[in-house]
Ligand code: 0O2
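Just the one chain here, the form predicted alone, laid out as structure tokens.
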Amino acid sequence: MADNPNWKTFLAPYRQVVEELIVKLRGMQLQYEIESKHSPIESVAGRVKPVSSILDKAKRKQIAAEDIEEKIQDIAGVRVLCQFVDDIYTIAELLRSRHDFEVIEEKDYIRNKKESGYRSYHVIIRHPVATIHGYKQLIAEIQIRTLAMNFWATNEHSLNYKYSGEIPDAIQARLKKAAEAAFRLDGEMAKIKDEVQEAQWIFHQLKSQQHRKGE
């Protein structure tokens, strides 16, 4: 990557990777729904990292311009939300079994939470993308979280932005307590997982019947 890149050109393939990953993951979600099975995927969203964030990260980690493509792994990012912690590991296994991209690294911040209290599962992949100049292999990050983990992480991100990464100790302590509360919530929900899934299956069947009657 040149010292003065054309960012629009540089980021275009990453946008394509994000779009393709969203389609693939939503396709997996739809297959579960068609088969009337519990989908481990609740929702999928993605984004390409803003140029300012790329430059900030490169500066913070002392990454040279020519190494950005290889060393900043989350330029293309996709987030998958789940209902249950078990779903996270199911999705990770599904990603490993695919042949249209390569899993190159996994970071389990659920079993090994960060000091801040952050929990999530990160899967780093190398994804092929077709460009007018031929195929490129780009690195992308897929984050997998429960809804409770995402609620916490979204608020922590906002506070980090407000305090420029230096969250006051008192607020940081409350954040850690909130992280543990969110994880306990996930644990309690896991205990009634079968009941929740049965209720969702009944609701899905009723919706299908109503849809057929309306045709």
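Residue positions are given as counts along the sequence shown, with the first one as 1. Please read these numbers as outputs of a predicted model, since none were measured by experiment.
Not on display, but discussed next: the form predicted in complex with the ligand.
Visitor: Out of K57, R26, R174, K37, which one falls within 4.5 Å of the ligand in the predicted complex, going by heavy atoms?
Guide: Checking each option against the ligand in the predicted complex, the one that comes within 4.5 Å is K57.
Visitor: Consider the chain as shown here, without its partner, and state which of Q137, T131, T90, S116 has a heavy atom within 4.5 Å of the ligand in the predicted complex.
Guide: Contact check passes for S116.
Visitor: Even though the partner isn't displayed, in the predicted complex is Q143 close enough to the ligand, meaning a heavy atom within 4.5 Å?
Guide: Yes, contact at 4.5 Å.
Visitor: Even though the ligand is not shown here, does R126 get within 4.5 Å of it in the predicted complex, heavy atoms only?
Guide: Looking in the predicted complex, residue contacts with the ligand do not include R126, since no heavy atom lies within 4.5 Å.
Visitor: In the predicted complex, is there a heavy atom of the ligand that lies within 4.5 Å of any heavy atom of K162, even though the partner is absent here?
Guide: The answer is no: K162 has no heavy atom within 4.5 Å of the ligand.
Visitor: Would you classify K107 as touching the ligand in the predicted complex, given a 4.5 Å non-hydrogen atom cut-off?
Guide: The answer is yes: K107 has a heavy atom within 4.5 Å of the ligand.
Visitor: Even though the chain is shown alone, can you say which residues of 48-77 have a heavy atom within 4.5 Å of the ligand in the predicted complex?
Guide: The stretch touches the partner through K49, K57, R60, K61, D74.
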